[in-house]
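The chain below stands alone and is given in structure tokens; this is the form predicted alone.
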Amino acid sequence: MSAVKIKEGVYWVGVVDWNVRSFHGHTYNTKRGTTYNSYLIVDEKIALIDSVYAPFSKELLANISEIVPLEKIDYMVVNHVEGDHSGAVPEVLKYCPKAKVIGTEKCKLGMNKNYYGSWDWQTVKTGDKISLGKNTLAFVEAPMLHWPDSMFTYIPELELLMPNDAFGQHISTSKRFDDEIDQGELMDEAAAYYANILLPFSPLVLRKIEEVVKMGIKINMIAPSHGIIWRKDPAKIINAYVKWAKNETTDKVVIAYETMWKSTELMAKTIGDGISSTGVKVVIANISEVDKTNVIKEMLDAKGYLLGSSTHGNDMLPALAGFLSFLKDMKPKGRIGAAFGSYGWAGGAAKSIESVLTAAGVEIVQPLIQCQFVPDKAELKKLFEYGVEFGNKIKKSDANCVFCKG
């Protein structure tokens, strides 16, 4: 795609990756593709904010060249060292011999280790500014949102925030702005992005938003490094981040399971029917067959988690074990949950699941429930009642107050 003007003197010069379907070492499924956003500021001095993933370097250079000759770039700002944003920096700098590279001290360390570039560096910290002429680049360090080197770049004269991985989404589209695409798809991908990338850093997200407010930073546009640009209603995504960071939830239960011969699946569906009968929303997912990224997204606003597995080798099945390892890293706060599963000659899976849920910070509110072989009629009745009991606990739990305290 060609360059797109987003503000006076500011251009999107990034690229759209229509075909990518996985991210972060296949831990994130990008069913709608993504974009790698780079921004060119043309003033008395010219700055490029972030680059793109290295395989798309030629497209980036072509987009920049539509606006200015490459050699006129004065500053290469690197908000974050991860390769999807910095990969094209070495190629850009081949054509910009006078460009100074701007980033945090930890960004400089990471860039040097990744690319071994002999570049002219200027390290910055919160409060530092660079004048481009009419406009100013102001910097706000944002460590662990989501890497230690991360920072935001802000242009006060335009009230434009370029926060790199914050407020983004993995979505490929020919449109560039929030008011140009389906709002359901947009917020669905924004929620998935937060749940799978930023959820572990929720306390830091809240503190950073509070810090930005105290600094008096006015924002009428947010230009992240993935997905669309928030021009119509940037407050919409900021408010969503506050909600997600506070772990605000709804009366919803996610039941995730892995099954060998469908017995555990029958348990999951029967428990789900019991929960649903109480009026609580239920999402049921066979973790070996569905999009795990979407399951994590569904867990973002769910009060309850129920996890189940058939027993194999006295433990849970491998796909669920991998999923629980990822969930544990997400550090969900204030959720309630329980474990279930079927077995043949010896149990073990449900107990292992319960221990992982406990380690993840999920409060176990019902004893694990197991069935040998295929649940019979009496056991199915108990499973339904188990679901009813769990659903009623969801409705009675004042989870949001707990979350807001923690």
Partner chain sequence: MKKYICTVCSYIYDPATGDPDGNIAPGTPFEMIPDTWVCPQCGVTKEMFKETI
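In this text the structure is predicted, and so the values were computed from the model without any measurement. Numbering follows the first chain given and starts at 1.
Keep in mind that the form predicted in complex with the partner chain is not shown, yet the notes after this line are about it.
Chemist: Work out which of 156, 313, 127, 143 lies within 4.5 Å of the partner chain in the predicted complex, going by heavy atoms.
Modeler: Checked against the cut-off, the match is 143.
Chemist: Within 4.5 Å of the partner chain in the predicted complex, heavy atoms considered, which of 330, 204, 221, 260?
Modeler: Exactly one residue meets the criterion: 204.
Chemist: Please run the contact check for residue 87 against the partner chain in the predicted complex: heavy atoms, 4.5 angstroms, yes or no?
Modeler: Flag for residue 87 set to no.
Chemist: Is residue 322 close enough to touch the partner chain in the predicted complex, meaning at least one heavy atom pair within 4.5 Å?
Modeler: Residue 322: no contact with the partner chain in the predicted complex.
Chemist: Might residue 236 be said to contact the partner chain in the predicted complex, defining contact as any heavy atom within 4.5 Å?
Modeler: No, residue 236 stays farther than 4.5 Å from the partner chain in the predicted complex.
Chemist: Answer with yes or no whether residue 200 is in contact with the partner chain in the predicted complex, where contact means some heavy atom within 4.5 Å.
Modeler: Output for residue 200 is yes: heavy atoms within 4.5 Å of the partner chain.
Chemist: Pick from 184-192, 162-170, 331-339, 288-296: which stretch has a heavy atom within 4.5 Å of the partner chain in the predicted complex?
Modeler: That would be 331-339.
Chemist: Within 4.5 Å of the partner chain in the predicted complex, counting any non-hydrogen atom, which residues from 101-140 show up?
Modeler: Heavy-atom contacts within 4.5 Å come from 106 alone.
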